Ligand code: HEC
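A single chain, nothing else alongside it, follows as C-alpha cells in the form predicted alone.
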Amino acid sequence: MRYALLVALIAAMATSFASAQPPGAAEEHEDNAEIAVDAEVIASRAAAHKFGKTLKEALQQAIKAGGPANGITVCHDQADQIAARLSEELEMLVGRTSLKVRNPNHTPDAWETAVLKQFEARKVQGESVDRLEFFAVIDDDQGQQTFRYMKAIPTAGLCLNCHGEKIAPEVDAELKKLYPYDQARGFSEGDLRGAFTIAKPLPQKETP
C-alpha cells in the first residue's frame, strides 16, 4: 500500500513540475541540488516528529480511557490513517517500519532493511537511538530519483505494554486476534523499536 501511494505521488509531482518549469530551470536545479536535499532533510525530520507526536498523543488518550488493550486499537485503526493524512498534507510518503514488524504492511524494503541494520550497528557502537537518522537520494526501479529518510524509534516505557518481554494476558489476546503474524515483541526500554520512514520523489531533470 505504501508503494502504491508513492507511485501516485511520483506521477502527480512529475506532471506539475513539467508544466511549471521555466527556461533554464534544469541548470538552476543542478546548481541548487545540495540546498534542495538540505531542505528535504529538515522537512522529513519535521514530518517524522509530527507523526510520532500525533501517534503518541492518541495512544496515551486511548490507554487512559481503557487501558493498554484499548491502546492497541490506535495502532491498528488510526496509525495508518494518520500516516496517509500526513503523506497527503506534506506531499511525501510517511510511514513506519521495523526489522520485527507487527503489521506485514510495514515490512521494510531492501533499502530500509539496510538502514535499520546500520542503526543497530551504530547503537552497538554507542550512539543514542533517539539521535539515529539516515538519508540519501536513490534511483528507484524506474530510474526516478527519490529522497529517502529514516529516523530511529526508541523503545519507550509506554511501548513495553505491547512490545515488551512480559505482556498482560488481555493485551496478548488482543494482539493475537488483530496481528496473527506479530513479530514485534521482546523489546526492552531503549532498544531500537523501528524507524519512521519518509520518501519523496524529486523533480525530474530535463535533458538538454
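Numbers follow the displayed sequence, beginning with 1. Note that the structure is predicted; figures quoted are calculated from it, not measured.
Keep in mind that the form predicted together with the ligand is not shown, yet the notes after this line are about it.
Query raised in the report: Thinking of V41, K50 and L93 as one candidate spot, does the ligand come within 4.5 Å of a heavy atom in every one of them in the predicted complex?
Result: Result no, not one residue of the spot touches the ligand.
Query raised in the report: Though only this chain appears here, would L86 touch the ligand in the predicted complex if you measure heavy atom gaps against 4.5 Å?
Result: Flag for L86 set to no.
Query raised in the report: Contact between R45 and the ligand in the predicted complex at 4.5 Å, heavy atoms?
Result: R45: no contact with the ligand in the predicted complex.
Report task. Would you please decide whether Y179 lies within 4.5 angstroms of the ligand in the predicted complex, comparing each non-hydrogen atom pair? Result -> So Y179 counts as contacting the ligand.
**Report entry** is_contact(D80, the ligand) in the predicted complex, heavy atom dist at most 4.5 Å
**Finding:** The answer is yes: D80 has a heavy atom within 4.5 Å of the ligand.
Query - Interface residues of 38-76 toward the ligand, as seen in the predicted complex [heavy atoms, 4.5 Å] - result: Those in contact are K56, L59, I63, P68, G71, I72, C75, H76.
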